[in-house]
Structure formats: structure tokens, C-alpha cells
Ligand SMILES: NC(=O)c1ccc[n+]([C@@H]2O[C@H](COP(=O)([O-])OP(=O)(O)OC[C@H]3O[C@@H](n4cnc5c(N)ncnc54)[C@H](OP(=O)(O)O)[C@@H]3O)[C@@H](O)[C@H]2O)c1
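In the block that follows, a single chain appears as C-alpha cells, in the form predicted on its own.
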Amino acid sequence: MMTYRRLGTSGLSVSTVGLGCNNLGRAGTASESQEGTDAVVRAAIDAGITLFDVADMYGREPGVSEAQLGKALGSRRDDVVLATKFGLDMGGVNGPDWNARGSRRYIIRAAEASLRRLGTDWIDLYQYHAPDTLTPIDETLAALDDLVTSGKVRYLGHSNFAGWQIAEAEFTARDGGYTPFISAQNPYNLLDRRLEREVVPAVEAYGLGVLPYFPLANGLLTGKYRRNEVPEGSRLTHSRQNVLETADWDQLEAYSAFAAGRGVSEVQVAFSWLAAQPSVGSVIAGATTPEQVRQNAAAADWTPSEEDLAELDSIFPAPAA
């Protein structure tokens, strides 16, 4: 059964598992069509998922995922937390940006375009997809604050920030009286715990919630990849092949044995470990079919004990400080 929690210390409540919408309208997937997107979104709502995480650049062409998600939500828009992102290259879809995608000019333009594509009057969580190192953070925060004040955006988040950038944004918001960020979306999973070095201490200090993406480490934590046994036609056979070439199979076999010994799947362990981290608000998981959505939604049902967490730490050690 789906559970819900606050995102950081904010008042925004989200489902423990969220739907990553990067596959909606993506070429070669079951959810490329509007019909396929409708099925995925309907399954997510039925499973109790409330957080729908998209970005303006997702889809076979930039903007397609937002447009299909907006249509799929339809009259259920008020029932969900709609999150989107700005700040990566849109290939001119939002007009010329001169590589200044943290600027006031670009942010306002990008937000208006996302609102149109999503078919909504407001964005629940508007996220800065990647920092623009050439634009001062106070200009970015001032523009985002205007969007909040106008009612077009309700909460702010960022993605792919380093620990020092999180601290800088927090103090700039305090100093300027701007709306602060409430969330940080970064890659985080048992195989990639680098976030714990600087980002986790920063978000815990300033009350932000983490929205981990890549929770299954490109599929290595699903259990479908084994030593010398790779499913024919699976994604890692034709993309990111280095993931398989560099995998630590002794570690992954210990992980599989851990899951089997507790009568749960590897996916359940991966999701539930993330959900057990105090800083995590919602685990963002992509899906292309209703069945994948249902599996992901149920994956955080298992609650690891302190002993379980300690054993996972021994299999996947935390990064050195």
C-alpha cells in the first residue's frame, strides 16, 4: 500500500514512490504513443502514486513528454503533484537561450512554455535541472520567486547540484528574501552513494528532501542481469555497455543472496533501502508499461531492519569522507 511523506521540511506531501516521466513520448517505448502514456499514468494514479516528475526536454522531441503527460492527467490534474524541470538544452524549442538558462529572461519563457504544454495553470514543483554556472544564483532565485508569487509555481527544487551549490542557494535565498528550494534530485542508489559525501549533509542541514533518480543503477539492481547471463535485447546490451563490463559481480551476487534470504525481490531491496534513508522524500522510477508501474509502486512496501541496513552497508560500503 502506498505511503506518503513530506518533502524535506516543507508542507508538500508526496508518494514514497514517484513516476519518472522521461519515457512518456520516448521513441521506441510502449509509452511513446498517447495511448501508451495514458495507460501508464492511469496505472500510477490507481497505484496511489501522486508525484509525477517530468522535464521540458523529455520525449522523442523536447516538450513531447510534458504535452502527453498533461493530456493523460486531464481531469485528474488536481489529484497529483506535478513536477517539471527547466535548464537543459531544448534545441531552440523555447527560443534562443544563448546558454543562459538560469537567466530571468529564459526562466520566465521556459515556465510559460511548460504550463502550455502541460495544460495547467500551475506547476507544483518547478526544478532547476542543472546549474547555469554563468548566471548568478540570485538572478535565478529572484525569477523563480516571481513565479511563486504570481501563483504559477508553488514549490521550487533543483537537480544535479553539488553540496556547495545547495548551501550557496540557501544563503542567497535567505539574504534576498526569496523562496528557497525544498528538494534536490540527484542520482542515488546502492551502487552509487556519492551523494552521501556532501549533498546529503547539505540537504539535512537546510531541510530539503532528496528525490533520487536511477534507483536501480541502470538495471543492475533489478536482478535480471547475472554473471555471464544477460537477457537478449535488454537495454544494457545496446547502450551503456560499459555498465556491464565494469560491474562487480561478486557484490551483485551477494546482493541477490541478501534479497533471496528475506523473501523479497532485488527491486524491493533497492527501493526500500532508499526509502529508509532519512533525507529521501520520494523514489523516482521510470516505467513504460502499467505492469512496471505497479511493480515499482509496490517495491517500497518492505521495511528493512537495522540489521538489514547494516548488512547492505557491508555489501555496498558508504563512500569515504
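A quick note: this is a predicted structure, and the numbers were derived from the prediction, not measured. One rule holds for the numbers: they count along the sequence shown, beginning at 1.
Omitted from view is the form predicted together with the ligand, to which the following refers.
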Could you work out which of Val267, Ala39, Leu252, Val280 is the residue within 4.5 angstroms of the ligand in the predicted complex, going by heavy atoms?
Val267
Within 4.5 Å, heavy atoms only, which of Leu69, Ala44, Leu51, Ala285 is in contact with the ligand in the predicted complex?
Ala285
With the partner left out of view, is Thr172 within 4.5 angstroms of the ligand in the predicted complex by any non-hydrogen atom?
no
Report yes if any heavy atom of Leu216 sits within 4.5 Å of a heavy atom of the ligand in the predicted complex; otherwise report no.
yes
Determine whether any heavy atom of Cys21 comes within 4.5 Å of a heavy atom of the ligand in the predicted complex, and answer yes or no.
yes
If we define contact as a non-hydrogen atom of the residue within 4.5 angstroms of the partner, is Ser256 a contact of the ligand in the predicted complex?
no
Note: the ligand not shown here; in the predicted complex, the stretch from 112-120, 220-228, 164-172, 201-209 having heavy atoms within 4.5 Å of it is 220-228
Is any part of 132-170 within 4.5 angstroms of the ligand in the predicted complex by a non-hydrogen atom, and which residues would that be?
Ser159, Asn160
